[in-house]
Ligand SMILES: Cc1cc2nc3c(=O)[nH]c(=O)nc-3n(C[C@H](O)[C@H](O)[C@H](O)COP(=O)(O)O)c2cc1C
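The chain that follows stands alone, in the form predicted alone, written as structure tokens.
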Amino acid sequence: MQVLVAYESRGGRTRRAAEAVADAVRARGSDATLKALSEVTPQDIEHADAVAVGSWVQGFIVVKVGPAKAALDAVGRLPAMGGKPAAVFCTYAASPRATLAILRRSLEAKGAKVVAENASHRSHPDRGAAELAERLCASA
């Protein structure tokens, strides 16, 4: 199985979370390609059996919190996914609030079937990666 792990990272923590997801996918005997969301091509989506998308949480806890705008813009440019299994993950400083739900709805709008979600604090960006990878790999 081929899994595309795509991420939007500003400070490097979400990239580390994406690396942990990719490593966990590989530990389960599948192939994983790690790419910045802004670099994902339609061919990347076509060749993937499953997709994991990650973002850092942007905003102010007292106002609006959600995925980074660049992540949502990149997901909006993705081609239709035709029911491919997908996972969403994020890193946060204070609270993820609705970030995972917003990412999930964005991917579902592209035709993906979201089967796993994970939010990890920026101090432990790899926390939950193994469980997310397990559920994603089991669904493909």
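Sequential numbering from 1, following the sequence displayed. Note that the structure is predicted; figures quoted are calculated from it, not measured.
If you look for the form predicted together with the ligand, you will not find it shown, but the lines that follow are about it.
- Note on the interface: of 74 to 82, 50 to 58, 108 to 116, 23 to 31, the segment with non-hydrogen atoms within 4.5 angstroms of the ligand in the predicted complex is 50 to 58.
- Using a 4.5 Å cutoff between non-hydrogen atoms, Ala93 counts as a contact of the ligand in the predicted complex.
- Interface residue remark: Ile102 is not counted as part of the site for the ligand in the predicted complex, having no heavy atom within 4.5 Å.
- The ligand in the predicted complex is not approached by Val40, whose heavy atoms all lie more than 4.5 angstroms from it.
- Residue contact check for Val65: one or more of its heavy atoms lie within 4.5 Å of the ligand in the predicted complex.
- Contacts of stretch 12 to 50 with the ligand in the predicted complex, defined by any heavy atom lying within 4.5 Å, are made by Gly12, Arg13, Thr14, Arg15, listed in sequence order.
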